[in-house]
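To begin, one chain is listed below as structure tokens, in the form predicted alone.
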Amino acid sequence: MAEVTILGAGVAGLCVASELAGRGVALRVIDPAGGPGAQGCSWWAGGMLAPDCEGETAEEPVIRLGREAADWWAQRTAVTRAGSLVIAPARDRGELDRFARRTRGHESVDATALEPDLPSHTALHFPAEAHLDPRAALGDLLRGLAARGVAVGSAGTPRGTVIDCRGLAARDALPDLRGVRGEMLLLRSRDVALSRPVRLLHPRHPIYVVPRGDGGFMLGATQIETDATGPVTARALLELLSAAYALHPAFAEAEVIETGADARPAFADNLPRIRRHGDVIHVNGLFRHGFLLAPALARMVAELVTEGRIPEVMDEDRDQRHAARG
């Protein structure tokens, strides 16, 4: 098979590379940064593999395709399968009822029964869900590729079939991409212990808290319609920390280890696309579902490249318009 060049070493690019390499495709990866790092939105992901929870606002394909993620990642990195917990303060009980109506796969529990450090609240437990550490997962993908002789370089001339996984940087070819800013914090607290992601529902500032081990927690995330990638704002910091304090007062004494913000690539309907223009295959628009949907998209790209199978998320209408203009 002809060589494949993958542009971008975020979660989409590395998942596609892992899937193709596992099928014996000769490939290389080019990323200006030389690999995933603090400047990319994959670095700041929460790492929740929570398709049922995402059903609150996401379309059906996100739920169905996202259910592939936990098994795919478990073959390549450490995955914790402890489910997800969704809670709401007593004054916002209506938010929990609304969340329950819009989702499936949950059971009603007392939060304290699953997370002893949390106060007694009625909660929704999604037992089939999982989570991972995104930075560790990206590192494991890189090591797996290196073991197969796949190089990740910061420069080079693309050869063969090109698979463009550059996120927002691909707007030179995909002008209908938009940025959705997310702001996140990494905290460390020895006074709080959680074994699964917890989503705290709030009419204005819903947040999630994901345990990272050794007292570490990822706290996020805002969702703002802008492609600005500057530092975290004072407003976001205040809102996120206030929500964390509402979840557990001990977070008031937590150390703030890192703050970060980046813009997620999304199309108008927040669903991902695979587009083929000549020898270039574009994989983009994962929105806030990078780690959840990248495995399914990687599988589809591999089937397209090795078998000619058309992905269900192929943007056929746009491809036809492009061909007609050509």
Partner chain sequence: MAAFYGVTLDSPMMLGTAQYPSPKVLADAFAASGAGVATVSLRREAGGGQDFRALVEGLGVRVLPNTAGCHSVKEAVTTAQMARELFGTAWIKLEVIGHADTLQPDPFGLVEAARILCAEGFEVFPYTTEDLVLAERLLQAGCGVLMPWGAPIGTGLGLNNRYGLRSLRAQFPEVPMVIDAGLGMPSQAAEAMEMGYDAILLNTAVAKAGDPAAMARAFAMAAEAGRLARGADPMAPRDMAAPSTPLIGKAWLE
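Positions refer to the first chain, counted from 1. Keep in mind the model is a prediction, meaning the values are calculated, not measured.
Not on display, but discussed next: the form predicted together with its partner chain.
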Heavy atom within 4.5 Å of its partner chain in the model of the complex, from candidates 171, 93, 143, 188, belongs to 171
May I ask you to choose, among 227, 117, 97, 255, the residue with a heavy atom within 4.5 Å of its partner chain in the model of the complex?
227
Region of this chain that lies against its partner chain in the model of the complex, out of 79-87, 233-241, 143-151, 104-112 [heavy atom, 4.5 Å]:
233-241
Touches its partner chain in the model of the complex: residue 269 (any heavy atom, 4.5 Å)
yes
When the contact criterion is heavy atoms within 4.5 Å, does residue 158 count as touching its partner chain in the model of the complex?
no
Would you please decide whether residue 211 lies within 4.5 angstroms of its partner chain in the model of the complex, comparing each non-hydrogen atom pair?
no
So in the model of the complex, does any heavy atom of residue 178 sit within 4.5 Å of its partner chain?
yes
Contact at 5, 23 and 306 by its partner chain in the model of the complex, all three, heavy atom at most 4.5 Å
no
Within 200-218, which residues have a heavy atom closer than or equal to 4.5 Å from its partner chain in the model of the complex?
203, 204
